[in-house]
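Here you get one chain, nothing else, as structure tokens; it is the form predicted on its own.
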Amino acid sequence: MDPNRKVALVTGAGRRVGRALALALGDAGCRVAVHYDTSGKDAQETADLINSLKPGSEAAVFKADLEHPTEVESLANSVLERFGPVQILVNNASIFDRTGLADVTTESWDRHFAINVRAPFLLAKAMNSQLTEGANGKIVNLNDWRTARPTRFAYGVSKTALSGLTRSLAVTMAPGVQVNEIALGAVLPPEDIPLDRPREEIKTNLGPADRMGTLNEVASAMLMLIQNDFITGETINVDGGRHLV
């Protein structure tokens, strides 16, 4: 698929990885729907950056709490009204709770599944209904290399479920829509840790690459999946080989 002038929806696009993905799509010529929940100022900055990239770049912000199905459905309808049918869906938004089995609550469990799995499902379903018969589309789900070895209970199980959703959608939305996921390793440190922290201070096992990834490397993997029409139902590990060791 040539992304130029395609309608792209990126969830959680106000900051960090989501912003980088939205900017890459804007630079590729997409009309970008910048979703946010609480980061309204950041989302507007993302949209402003896209609108200033080059002539023809276009973006607008859309608010929705992905925990609530009605707001997810409203988000899909709002993007349709503003830009037209979603042709590229990037499910980036997710939540992460560090609790294990002994401490996870039913409320946390339900919230993880609502945001990390149900929202991508509902957006994919809406996209499927918006696209005309024979139309092409792309879905890229952002996942975590640790789904192969989940340690955080609600988060790990929900992200494993997202992998299953990716493969199910790849089959049911074929042949017009290709659905893949990117499993990230260490790309950005937690927000309370400086980006320029010396390597010797990083205690996390970074895998064979022995470095953190960059936002550009994540964005280039996403663009590759969008531009390639023969890859579907796959997990692309952008983790410096961390899943191997």
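Being a predicted model, the structure only gives us computed values, none of them experimental. All residue numbers are counted from 1 along the displayed sequence.
Keep in mind that the form predicted together with a small molecule is not shown, yet the notes after this line are about it.
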* Counting non-hydrogen atoms within 4.5 angstroms of the small molecule in the predicted complex, say which of 126, 165, 173, 115 makes the cut. => 115
* **Triplet 15, 65 and 94 all within 4.5 Å of the small molecule in the predicted complex via a heavy atom** => yes
* Proximity of residue 185 to the small molecule in the predicted complex, heavy atoms at 4.5 Å -> yes
* Asked: Looking in the predicted complex, any heavy atom of residue 39 within 4.5 Å of the small molecule?
  -> yes
* residue 89, heavy atom within 4.5 angstroms of the small molecule in the predicted complex -> no
* Asked: Any of the heavy atoms of residue 147 lying within 4.5 Å of the small molecule in the predicted complex?
  -> no
* Asked: Heavy atoms within 4.5 Å of the small molecule in the predicted complex: which stretch among 139-147, 165-173, 101-109, 81-89?
  -> 139-147
